Ligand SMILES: Cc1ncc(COP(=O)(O)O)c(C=O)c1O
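Before any questions on binding or motion, here is one chain by itself as structure tokens, the form predicted on its own.
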Amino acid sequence: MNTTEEMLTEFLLREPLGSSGRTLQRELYLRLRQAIVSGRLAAGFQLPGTRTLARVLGISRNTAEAACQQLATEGYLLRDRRGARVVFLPQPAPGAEIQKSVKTYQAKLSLRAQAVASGSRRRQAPLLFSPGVPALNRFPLRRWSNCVENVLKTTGPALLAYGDPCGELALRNAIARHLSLARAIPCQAGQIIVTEGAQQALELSVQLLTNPGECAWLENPGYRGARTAFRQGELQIIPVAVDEEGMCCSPELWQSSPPALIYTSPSHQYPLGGVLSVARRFALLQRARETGAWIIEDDYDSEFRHTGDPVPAMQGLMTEPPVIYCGTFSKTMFPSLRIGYLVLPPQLVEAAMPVLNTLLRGGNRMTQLALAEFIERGYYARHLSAMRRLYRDRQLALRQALRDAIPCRHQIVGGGGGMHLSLVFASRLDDQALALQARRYHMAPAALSDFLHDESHLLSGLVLGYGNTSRSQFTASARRLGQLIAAAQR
């Protein structure tokens, strides 16, 4: 036996081949690979032919040939007429270098997370007072199930293929008809883009309409998801104060920080609940048109108006408005549905479609078609009507429970609709600590200060969702919140 054969025997036959329970071919492949990766078989090492290898190891030539061929296929061996040679493999970095690299990556990831974090905390099971969660136990599951089953029966395997990147035509038609009746928005299916929730709709708006470094106006306090989308787009965020009439866009602000994009929730400002007045709506539309800015109108829960008629959408106020309308079914139906949509103004459709066809993939076809049927059968309108009555009753009950239980000076705001109220403290308390303490008692109100986009505003309070919290739980839960607030005042 020559030196090469002795070396191979030492590496490969310390234990008999097959002792691990694997096949001889697999065992030989693994031992050779480990010897190459560890450097025990150095780069350029010449293996003997498979006939010799089989004789030395006491296995069949076919077994040796199969193992060597697999190593050659994966790039560990280079086989030619001279035989098989071990290729050069870069050696892994030393442990200290690896740790340094990991720490650098962790630091970068931490900075990136801070840059885009919305401040929200998600849980699989919503707790009491979780904002933005509808009454899940009141959703008509049987009707929804019937729509899903019907789509499966009538469409079949075609559902498994990709669909239209902009969404199923049946759903886009259903949304257009619903918006025309419920929100006074005259639009066609071709203007509607179905998205995976409202967040993707916001991100698409940023991708379509802005360049990094441009200014974006954001209500202050305002929706954290919009802040996240703007940060991801590397936009310069300009916080704009709100009052009882909504966003306060002064002439000085237009002059000093002209925006490329403006985010507003005009029908029910989030989280303070104000309605953008008609005068401010027309002024905002006119100035946006004059300056070339675009407005994102987030109409997240306007279907749940508790007093008077629904407030009309901005997009229906003028011909070819500079408005991208954003809606979602997560608030009106259930969060895991993950379907939102954009309504593009007619003048933007032709230019946007090539980009959207590149960015989007048509998926979730079964869910989209089931939702279209759910709307067309009238189930959606009936559900909205039932939830409107339920939420009106819950809001009144929660207002009363809070008035009786909160020990400090405060104001209860939230407007005449939606699924949440905001409890604004007259004096500054640590609302983030209060929100954290409330979780110990299975409550998840949001800290109002988390919705601020700069540190110049002093605002503290709690945002309380009542959509998925029953009326019978209000009194005890409000009393517990009152006790936590009283303790925080000491």
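Computed from a predicted model, the values in this text were never measured in an experiment. Start at 1 and count along the sequence shown; that's the residue number.
In what follows, reference is made to the form predicted together with this ligand, a form of this protein that is not presented.
- With a 4.5 Å cutoff on heavy atoms, Y263 counts as touching this ligand in the model of the complex.
- Not displayed here, this ligand is kept clear of W217 by more than 4.5 Å at the level of heavy atoms in the model of the complex.
- Of the heavy atoms in R172, none are within 4.5 Å of this ligand in the model of the complex.
- Proximity of R338 to this ligand in the model of the complex falls within the 4.5 Å heavy atom cutoff.
- Contact with this ligand in the model of the complex, defined as a heavy atom within 4.5 Å, holds for exactly one of T228, T328, T367, T210, namely T328.
- Out of the listed residues A198, L272, L371, I295, A198 is the one that sits within 4.5 Å of this ligand in the model of the complex by at least one heavy atom.
- Only one listed stretch (186-194, 298-306, 372-380, 236-244) carries heavy atoms within 4.5 Å of this ligand in the model of the complex, and that stretch is 298-306.
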